[in-house]
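Shown below, as structure tokens, is a lone chain in the form predicted alone; questions about how it binds or moves come after it.
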């Protein structure tokens, strides 16, 4: 598990970027739900933590593809591939991310340090 931050440090409607490899974005929805996805849009190298959060979706700040934070699925082009989702655990008022073991769907030209 990767410690993200204290629960109180991530207000509802906000996101936090974790400098993992690849980076992970943790979202706290207005409804109080917590989600984590790879922070890189699958179309182009853009931080989803910098996007617009609405309900359980985040809109990429570059080209407006929206990703469902629950499933990672994308709604429309230009992105075609889903983002990888991760499990979020809150323990002792701290947010933790359990990274997925699936390979990431990174945009062309973006590599991880382990690739």
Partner chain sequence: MNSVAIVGASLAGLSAARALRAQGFGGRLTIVGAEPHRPYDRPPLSKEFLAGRMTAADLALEGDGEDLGAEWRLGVAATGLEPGGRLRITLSDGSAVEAEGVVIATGAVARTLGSELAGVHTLRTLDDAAALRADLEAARRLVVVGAGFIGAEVACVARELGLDVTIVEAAPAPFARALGPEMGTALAGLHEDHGVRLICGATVRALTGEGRVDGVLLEDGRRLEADVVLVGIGARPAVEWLEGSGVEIGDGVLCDAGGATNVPGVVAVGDCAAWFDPAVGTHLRVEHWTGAARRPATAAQTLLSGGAAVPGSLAPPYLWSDQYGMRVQFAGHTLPGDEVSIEEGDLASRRFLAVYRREGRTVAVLGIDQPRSFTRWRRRVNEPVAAAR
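Positions refer to the first chain, counted from 1. Note that the structure is a prediction, hence the values are computed from the model and not measured.
Below, we refer to the form predicted together with its partner chain, which is not included among the displayed structures.
- Although the partner is absent here, residue 15 sits close enough that one of its heavy atoms falls within 4.5 Å of its partner chain in the predicted bound form.
- Among heavy atoms of residue 77, some come within 4.5 Å of its partner chain in the predicted bound form.
- Proximity of residue 51 to its partner chain in the predicted bound form: non-hydrogen atoms within 4.5 Å are present.
- A residue is said to contact a partner when one of its heavy atoms sits within 4.5 Å of a partner heavy atom; residue 108 meets this definition for its partner chain in the predicted bound form.
- Along 42-72, these residues reach a heavy atom to within 4.5 Å of its partner chain in the predicted bound form: 43, 44, 45, 46, 49, 50, 51, 52, 54, 59, 61, 62, 63, 64, 65, 66.
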